[in-house]
Every structure is written in structure tokens, then in C-alpha cells.
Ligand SMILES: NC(=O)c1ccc[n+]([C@@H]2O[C@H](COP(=O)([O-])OP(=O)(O)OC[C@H]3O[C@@H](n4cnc5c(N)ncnc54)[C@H](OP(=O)(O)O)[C@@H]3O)[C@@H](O)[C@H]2O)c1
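First, one chain by itself in C-alpha cells, the form predicted alone.
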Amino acid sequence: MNDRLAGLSPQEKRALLVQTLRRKSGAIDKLLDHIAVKVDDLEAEAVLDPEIQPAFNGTPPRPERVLLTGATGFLGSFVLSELLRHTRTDIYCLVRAANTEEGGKKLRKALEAYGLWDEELSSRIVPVVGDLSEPLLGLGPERFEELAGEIDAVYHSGASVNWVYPYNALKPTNVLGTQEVLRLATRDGVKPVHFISTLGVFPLVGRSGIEVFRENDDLTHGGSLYNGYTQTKWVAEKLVEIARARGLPVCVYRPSLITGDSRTGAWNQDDFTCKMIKTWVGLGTAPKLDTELNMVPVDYVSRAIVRLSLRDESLGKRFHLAHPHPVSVNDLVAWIETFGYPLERVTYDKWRADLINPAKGLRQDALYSMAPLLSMSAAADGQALVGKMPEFDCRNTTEALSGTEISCPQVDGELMENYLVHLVRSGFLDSPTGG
């Protein structure tokens, strides 16, 4: 399956996968064989260019200009807003665009989409036209060297987030792009790198036998990762760790499932959790699953990253940005029902069968986004794979944020109502009352 997808355009990949998923349940079960990869088999991918050799000794100065990748993404937009509001630095934003003017418009549009645009602070946004998936970030040798001399630190939030594409399809952006960021950070002096990873670098599904993942745990945990995105993020984080061992000052931030803004309800509608909720509402059913979701609002994640990054003591550390109180799927379903959407609780296999039934009339994008769950058969390992989640140690994060005003908002029925109101008002969900 990976080989078939590798040579196709994104549109062709999407159409092929949807067609495969609709064909028959047995074909879906076979997809699991191509989704699960043991991290031992990814070790060969974690090789950092030997030319990336930082020469560093001492404490880096307070940055005056920083590079931010992924600024038009969901989390990246919030990180950009936090940097603008809580520092005085100029933020150079890597953005794919035809020219600087168009890049500036894309950045503004992304901030406006989440209610983050501030005209008074916008003069400190510097669009940098490039591409994370290209050598030298798509800048060319001369501009690459110029940029290396202009910036003092890097916030690497950029990534292709897709739970369906295989490793090879995401490697150019997520793995090779990270290598180019590390290359930039070692040119013309050394620049600290703040790398935004994910708790998905640990085996969160399946029988790993690990009950608690600690911030300083080794990534060589021997478990399996179940999609190309987490696999590429695992390799990318390994590259960052290799650079750290060579002397580059780095911080690693690992968020859990990022949800909407706890203040405004603004949420990325391409997010997996958003589409899962849309699928439940569209079908009128939700699977019976005895599991939990570790959900953290995006405003907490972005505020924590920026605050932690400004502490000299943070360099060299890893930070888990997880919620201390995970949400059970049963509670999530109950909150959605309270909002006005009736949801019948059905077995996992029944829900799965309904999801791939063309007669149900679900939009293809909703079906497509659920592919990781569709590839797990309850009759086989489905229930075990989505069973009890491990706990996440957040000691470094808790100690570093102690005494600040930053704390993780409670994820409860009130917050979920805030999210659902926003999703209805934006047209992502139909109103439960028809109004």
C-alpha cells in the first residue's frame, strides 16, 4: 500500500484510500499491516547529516529575531501570537507563497481565522518565502546563509499532520525539513532550537506494557507506532536529539491531543478529533469504548511553549504538555448529547461497519479522516489498540510553570459546549435545533 501511494498526487492518494475503505471490511483489516511499524525498524532513518556540527560554548543571548516554521498551521498561529504578545522579537515566518506579499496575506489570514490578528503587533511579522520540504528550506544557498545570519533562535512547529499518509509521503516535510532546520541553526553561529514534537512518539496504542511515559524516557522504547505522522515525528525528534548530543542547545515540547481555544472555542476543523465528532454527529452513533482522550486546549499549549522557551534553564530539557485529567470517551459523548445531538451507543464493529457503508451518505473527507480507526478490527485487536491510555509524567513542565499564571484549563461539559457553539456558528456542524 505504501508503494502504491508513494507515486500519487495527494488527490489520487485520497481517492484510492477512500475507494479501498469502501470496498470491503476485509481489505481495511489488511491496512493495519502497513500502518504499524516498530521503532526498531525506524532507527536506520534517524541519521543526521554529519556536516551539521554546532560549535557552541556558553549561554545563548536573548534573541532579537527568531524563525518560526508552521506559522500558518493551527498551533503555529497561536505560537506566533504568543511570541508577538510576550516578546519584543521580530518573528521571521517560513511560509509557502509566490512572493513576500502573498506570504504576508497567508499569515494574516491564518491569524484572523482564529481571532488572533493584532494590527499593532503585525509590523514584527517578517514573511520568509520557502518550503520546509525542500533542501535548504527552499531558500537557495545565498538566502539560506543570509537568514542564518539574521536570526537568533528557531521555533520549529512546521509539519505535515496527516493520520493517513504513509511514512514516505510525510518524510520530506517532517524528517528532512527538520534536518534543514537543524542545519540552519548551526550556520553563522549557533541558534537554540525549540522543537515541537508530539506524545505520539510513544506507543500510545497497543500492548506496550508501559503505564507511565516520563519526559526523560528514551525514545528507543521498542514499541510500535501506528501511522506515518507519528513515525516521522519519532525520527525527527531523534535527529534533534543527535544534534543536541553534538552540542546544539535544544528544547523538545510534546503536546497530547490539541483541542480548540478555551477562551473563544476556535478549533482547527481539519483536526482528527473535530472530524471524529462530526462523524459521530453525522451517523447519530458513537462506539462503545472504555478509553480516555488526553485533550489540551491550544491556548495552554502555545502559552506554555513560549513561557518555557524564555527560560535559560529550559535548554536541553523535554516537556510534556498533557492534561492531568484525561477525558473518558463516555463523558465526551454525554456532553455532545447534552448539547442536543442524540447519539446511540453501539459496538465498535457496528459503528465501524456503519462508517464504511456508502448508504450512510457520509462525506468522503469524514470517512477519509477516520481511516486509522477503520483499520482496526474489534474482532482482532481493535478494542485493545484503543484501550486504556498510559499516563504522562509532566514534572519538568509543572516545575517550570510553577508560580506563573499558566495552567491547563479544565476539559469539561462547559468547555465542550464552547467548542460546539463555535463549530456550529462556523458551519462545520449543523445546529442540533435547526436554527
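Residue indices: 1-based, along the sequence shown. All values derive from a computational prediction rather than experimental measurement.
Here the subject shifts to the form predicted together with the ligand, a form of this protein not shown in this document.
The ligand in the predicted bound form: contacted by all of Ser262, Lys278 and Gln410, heavy atom 4.5 Å: Per the other structure, none of Ser262, Lys278 and Gln410 touch the ligand.
Test of understanding: in the predicted bound form, would Leu219 fall inside 4.5 Å of the ligand by heavy atoms? The answer is no: Leu219 has no heavy atom within 4.5 Å of the ligand.
Indicate whether Ala236 is a 4.5 Å heavy atom neighbour of the ligand in the predicted bound form. Residue-level check for Ala236: no, no contact with the ligand.
Answer yes if any heavy atom of Ser224 is within 4.5 Å of a heavy atom of the ligand in the predicted bound form; otherwise answer no. No, Ser224 stays farther than 4.5 Å from the ligand in the predicted bound form.
Is Gln231 close to the ligand in the predicted bound form, meaning a heavy atom pair under 4.5 Å apart or at it? Gln231: no contact with the ligand in the predicted bound form.
The ligand: the contacting residue among Ser197, Gln179, Ser314, Thr87 in the predicted bound form [heavy atom, 4.5 Å]: None of the others qualify; the residue that does is Ser197.
Considering non-hydrogen atoms and a 4.5 Å limit, which listed residue (Leu132, Val175, Val164, Val201) is close to the ligand in the predicted bound form? Selected residue: Leu132.
Using a 4.5 Å heavy atom cut-off, indicate which stretch of 140 to 148, 118 to 126, 155 to 163, 243 to 251 touches the ligand in the predicted bound form. Stretch with heavy atoms near the partner: 155 to 163.
Sequence-ordered list of residues in 71 to 87 near the ligand in the predicted bound form, where near means a heavy atom within 4.5 Å: Going through 71 to 87 in order - heavy atoms within 4.5 Å of the ligand in the predicted bound form - the hits are Ala71, Thr72, Gly73, Phe74, Leu75, Gly76.
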